[in-house]
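Just the one chain here, the form predicted on its own, laid out as structure tokens.
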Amino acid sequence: MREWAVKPQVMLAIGGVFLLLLLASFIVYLLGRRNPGKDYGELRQRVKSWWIMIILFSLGLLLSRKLSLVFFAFISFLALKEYLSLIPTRRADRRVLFWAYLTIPVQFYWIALGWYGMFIIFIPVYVFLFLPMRMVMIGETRDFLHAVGALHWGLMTTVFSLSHLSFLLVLPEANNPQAGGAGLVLFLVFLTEFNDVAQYVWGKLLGRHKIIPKVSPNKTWEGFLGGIATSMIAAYGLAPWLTPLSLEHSLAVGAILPAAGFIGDVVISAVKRDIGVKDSGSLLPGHGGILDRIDSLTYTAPLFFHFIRYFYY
């Protein structure tokens, strides 16, 4: 693995993110001054949490490639832990959860080696075959199918899907000389989170027609389409700085990621409604838990990775 070197474009892009966050903080301050009787406590909490998340993400991305992989592996661990704390599990399966957690360092070891072949099959083939076998050896058959399916799906979303984000870091830098793997990660994460904000804002401003009211009553067609349009503009502007994407591909990605992010968001919403909780956790004040923040990435990360790898690597 080559020595880590952060490209100037990545530093400038991260600086731009902090400027946007400063602007958001200033707007919240002005709102509080102009409307002293209105409670902006939740909004302030959200902005404070964004500061913490962006600082941690920036440090994890900039310090070294190894630390970046450790950072993203830890995010997968927190997400899987949060997921397993939400779903009902059989007492007998607690002995199997050790093996589920063990997949995280192993999966990220394949990434550190740049071994795409093992990375892409380890969880959906070997782990998915091993875990049911381990459950069978315990001898508990009650709710067996539900237990296997819930564990498989949790690993697929919180570990396998998210690990595609990390594999972007070890793709050959020669194919993206202007920003390297860090630029691809920053582009994906920014566009995914930016789309979440854009859909929320457009939905608040123009939202009238619900998309899936039984799953996510606040989601509207206006917010969804406004988010796609805004994300396409952002992708068009950022792609030449951070990615090897052509004009056509940047616009395509700008449309694909918002649609995929929306699906990831409502899928996790469906899980939470099935369980009967509003937020997946309380780790991030104003945002909920880890799953509430990375739900869109569970869909956008693998789709963006394979798009980039197919056309450019």
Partner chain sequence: MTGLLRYLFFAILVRAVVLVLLGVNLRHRERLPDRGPAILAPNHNSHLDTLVLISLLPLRLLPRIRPAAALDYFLRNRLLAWFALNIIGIIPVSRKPDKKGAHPLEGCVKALERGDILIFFPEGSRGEPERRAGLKSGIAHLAEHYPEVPVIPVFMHGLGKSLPKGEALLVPFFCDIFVGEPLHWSGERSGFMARLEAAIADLEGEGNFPSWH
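Numbering follows the first chain given and starts at 1. Being a predicted model, the structure only gives us computed values, none of them experimental.
There is also a form predicted together with the partner chain; it is not shown, and the following applies to it.
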Among K204, R208, R94, K214, just one has a heavy atom within 4.5 Å of the partner chain in the model of the complex, namely R94
Partner-free chain; cross-checking the partner chain in the model of the complex, the single residue of W221, W241, Y101, F128 with a heavy atom within 4.5 Å is Y101
Notebook entry, point to check: Can any non-hydrogen atom of T89 be found within 4.5 angstroms of the partner chain in the model of the complex?
Noted result: yes
- Query: Might L283 be said to contact the partner chain in the model of the complex, defining contact as any heavy atom within 4.5 Å?
  - Reply: yes
| Does the partner chain come within 4.5 Å of any heavy atom of D196 in the model of the complex? | no
Check: Does the 4.5 Å heavy atom contact test between T141 and the partner chain in the model of the complex come out positive?
Finding: no
Assert contact_stretch over 116-124, 224-232, 142-150, 181-189 against the partner chain in the model of the complex, heavy atom within 4.5 Å, equals 142-150
Of the residues spanning 224-257, the ones with some heavy atom within 4.5 Å of the partner chain in the model of the complex are none
